[in-house]
Each structure stands twice: as structure tokens, then as C-alpha cells.
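Take a look at this single chain in C-alpha cells; it is the form predicted on its own.
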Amino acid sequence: MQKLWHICFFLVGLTLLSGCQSTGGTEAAEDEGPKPLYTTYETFDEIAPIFNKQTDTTYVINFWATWCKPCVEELPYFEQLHEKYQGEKVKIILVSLDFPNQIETKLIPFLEERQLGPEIALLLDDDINSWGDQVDPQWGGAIPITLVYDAEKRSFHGTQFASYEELESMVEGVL
């Protein structure tokens, strides 16, 4: 019986140490091993703070999904942007709207194959009608969309980027 209690306490402690958000891939500290493939957000309220940070960082947030051909076509532009601004105060977050029943079969293999540099967030809250205006009032719910902002400026792009230069121009307009 005492062994059972020790196991229970160990599991509870492990759960508390892992935090509230679940991640795909292997958990690891920043300096140890590979980064997690993505961070999961069950509701929009959990991820909402990333859309209104008042810091000296410029945020580039793109909504996409593996089933969205235009989204996948423009991902290399975000990868290139990530490489260009690495080490600077520019944070790129790719918010996946992949369906929960396709995470194991499509999203994870896609991320493992691509090894994207930007941070990946998986948002499971699919009720865009209830929270889309909080991202930007111009958003009608279709993807891809990109939001670039800092403490003073905000820019919204509601379609696929035609080129890396178009994305870079949008970011430079906020920097």
C-alpha cells in the first residue's frame, strides 16, 4: 500500500511539474535536446494574451493548418523570416487550426518532417466566430491570415502571401 502512495505522489508531482499546457513531441528544457513540436491551447482564452503584448518585441502571428494548401505554400516564408530575425526582438508564432482528429495522423508527421523554426501553437478552439474579432476585426474566419504587431503598430493580412518579400515588407512596416 505504501508503494502505491509513493507512485501516486510521484505521478501527481510529475503532472504539476509539467505545467498546464500540453506539448507534442518530447518535453525538454531549452538547453537540453529538441524543442517540443508544439504547444496545445484548448481554448482561445488560453492563447489570447499573445495578441496584445505590450513589450519591445514585434510579434508575427500566422494562422494556418496542414489541410490548407495556401497556408502550407507560404510556410517557407515564415521559416525564412525566422532565420532573418533570429536573435532579434521579433517573435514568430504559427497557430495551427488543425482538426483534433488529425493531430496524430497529419500535424505531427508534418511538423516532424519540416522541423520548422518558428514557435508552433495548436489551437483546438474551432469557434472562430466567437473569438476571431479578438485577433482582428477584419478577420472573416478564413485562413491563412497573419497579424504583425508591436506596442505601437498593428497590421493585418487576410490572404496568402504572394512572396517572401511581401511578408517581409509587412513586418518591416511595423518594426
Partner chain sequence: MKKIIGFSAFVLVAAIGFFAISAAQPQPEAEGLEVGDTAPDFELMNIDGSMVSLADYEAEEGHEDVKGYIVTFTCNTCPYAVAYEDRLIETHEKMAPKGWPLIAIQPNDPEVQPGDSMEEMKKRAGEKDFPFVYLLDEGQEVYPAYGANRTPHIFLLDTDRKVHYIGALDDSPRDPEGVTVNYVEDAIAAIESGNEPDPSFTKAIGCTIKTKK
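Residue numbers count along the first chain shown, from 1. Here the structure is a predicted model, which is why all the values come from computation and not from measurement.
Just so it is clear, the following notes concern the form predicted together with its partner chain, a form of the same protein that is not shown.
Residue heavy atoms within 4.5 Å of its partner chain in the predicted bound form occur in exactly one stretch of 44-52, 108-116, 146-154, 62-70, and that stretch is 62-70.
Contact annotation for Ile93: none of its heavy atoms lies within 4.5 Å of its partner chain in the predicted bound form. In the predicted bound form, its partner chain sits beyond 4.5 Å of every heavy atom of Asp56.
Residue contact with its partner chain in the predicted bound form: Pro100 places a heavy atom within 4.5 Å of it. Its partner chain is not drawn, but in the predicted bound form it has no heavy atom within 4.5 Å of Pro36. Taking a 4.5 Å heavy atom cutoff to its partner chain in the predicted bound form, the contacting residues in 113-128 are Leu123, Leu124, Asp125, Asp126, Asp127, Ile128.
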